[in-house]
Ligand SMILES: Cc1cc2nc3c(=O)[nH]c(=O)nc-3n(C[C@H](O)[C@H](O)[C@H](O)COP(=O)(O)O)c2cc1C
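So this first bit is one chain, no partners, the form predicted alone, shown in C-alpha cells.
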C-alpha cells in the first residue's frame, strides 16, 4: 500500500502513520517526472484549507496516475470540511477514476488567525479524534467503501472560499529578534518559500500551512492577527519527521 501525504504540523502524517504502508510526502515528489503509481491500495491524506486540499495536493492529483484496486482519501480538518471530499471525488471522475473510500477527520485546528491553540487542545476529547481515527484505520484495513455527500448550501459556501489565495500569506508573517537564523523554518516549508541569509526571506508561493510559524524552535515567527503565541506539533510526530517530509532544499 502506498500512502501519499501533505503535512505541516503533523496531523495528516500522524494519520498516515496509523494507516501504515509506504508513506510518501507529496512535497518530495511534486517535481518528479514519474507520475504513475501502482499498488494494491493507494491513499492520499491531507489537511483541508478553506474547504479544499492544499494547492500542492491539487497539483499532485492533477498529474498523478493511480493504478490500484482500492483508492482512498482522508481530509483532516479543525472546523468544517465543507464539500472538500465531495469535490475531490468529482475531480477524480474527471481524471477517469474514483476513490473507493472518502472520509474526513476532525482534529486540532492550527489556523492561528481564527483559533486559539490552548482552546483547541482543550476541545480534543469532545472532538473524538482518536475514536474516529481508529474507525478510519479499520475501514481501510477492511477495504470498506464510502462515498462523500455535500448539500447545495455546503457546496455554495465551499465555492465562496475556493477563490482565497495563499500566495500572499507570508506577507503577514513577523520575525522578531528571538530568531537565531537556524533555518528550521526553511526546512519545514513544503513550498520552498523561505530562505535564510542574514534574515528570514519569504517568497510569493506560500501554501498557508503555517509550519514555519508553529515549528520555529524560538517561537520567533508570528502572524499580525494571531489569537495566541501557543504553537502546535502533533504528539505522535517529531520535528525531524516534518523536516524529512517537507525539506526540498538540497545541501
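Keep in mind that this is a model prediction, so the values were computed, not measured. Positions refer to the first chain, counted from 1.
Only in words, not in the display: the form predicted in complex with the ligand, which the text now covers.
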All of 11, 47 and 210 within 4.5 Å of the ligand in the predicted bound form, heavy atom check: yes
Pick from 145-153, 96-104, 130-138, 76-84: which stretch has non-hydrogen atoms within 4.5 Å of the ligand in the predicted bound form? 76-84
Residue 51: heavy atom within 4.5 Å of the ligand in the predicted bound form? yes
With the partner left out here, check for me: in the predicted bound form, does some heavy atom of residue 108 sit within 4.5 Å of the ligand? yes
